[in-house]
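This document starts with one chain, in the form predicted on its own, laid out as structure tokens.
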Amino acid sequence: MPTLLRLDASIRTEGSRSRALADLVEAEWLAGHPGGTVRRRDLVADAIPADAWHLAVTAGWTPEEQRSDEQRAAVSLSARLVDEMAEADAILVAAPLYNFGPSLHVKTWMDTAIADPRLAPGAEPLLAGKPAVLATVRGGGYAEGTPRHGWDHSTPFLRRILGDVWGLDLAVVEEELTLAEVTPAMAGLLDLANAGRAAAEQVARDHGRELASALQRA
């Protein structure tokens, strides 16, 4: 049966909008693949050590017999992360915008995976063409014409790595103004936020169905 690899990077387990959008994608994927397997990696609950990337990288410069136990563990972790992607039939990444950039947790995951030689520049494409969905959310408004247009430095980065560097066949669902219902200063934006939520949820469902049908066509 097909396997979906799902990765979550929100620090919230309850009330997370990125997790909620990913739930919709997952549900549609499972509807298209009854009995399919969802392999989960919660990048917050099971955080990748911040030093894993540099330990794995420096291990590549170090003769095997001279590597430290920490370097060996990091190399093994890097390989395991890549194995998870290689073995999955589709990938779902849920990652919110934090402090105008990518989540520390998803960035550490990416850096550590890239340390594996199979994802190194010039390596034979390992993930090219594999279907994937990125579900990302932003607490405020970053659309063209808003004061913070251009301040989202996460979504372009995630698109670059997932789509351009790794070659995944990437679809993206985005939601903004997710903090409107809990931020008094944003009360006037609540109707706009609710409309955006409904639209994003529909896009998530559509992407979930497309993710499932991509495997059926393969």
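Bear in mind that the values here come from a model prediction, so they are computed numbers and not experimental data. Residue indices: 1-based, along the sequence shown.
Another form, the form predicted in complex with another copy of the chain, is not on view; read the next lines as being about it.
- Looking at P125, you'd find every heavy atom of it more than 4.5 angstroms from another copy of the chain in the model of the complex.
- Looking at K107, you'd find a heavy atom of it within 4.5 angstroms of another copy of the chain in the model of the complex.
- Among heavy atoms of P117, none comes within 4.5 Å of another copy of the chain in the model of the complex.
- Interface membership of I48, defined by any non-hydrogen atom within 4.5 Å of another copy of the chain in the model of the complex, is confirmed.
- The stretch that touches another copy of the chain in the model of the complex, counting heavy atoms within 4.5 Å, is 55-63, out of 55-63, 182-190, 167-175, 27-35.
- In the model of the complex, the residues of 11-49 lying within 4.5 Å of another copy of the chain by at least one heavy atom are, in order, I11, R12, V44, A47, I48.
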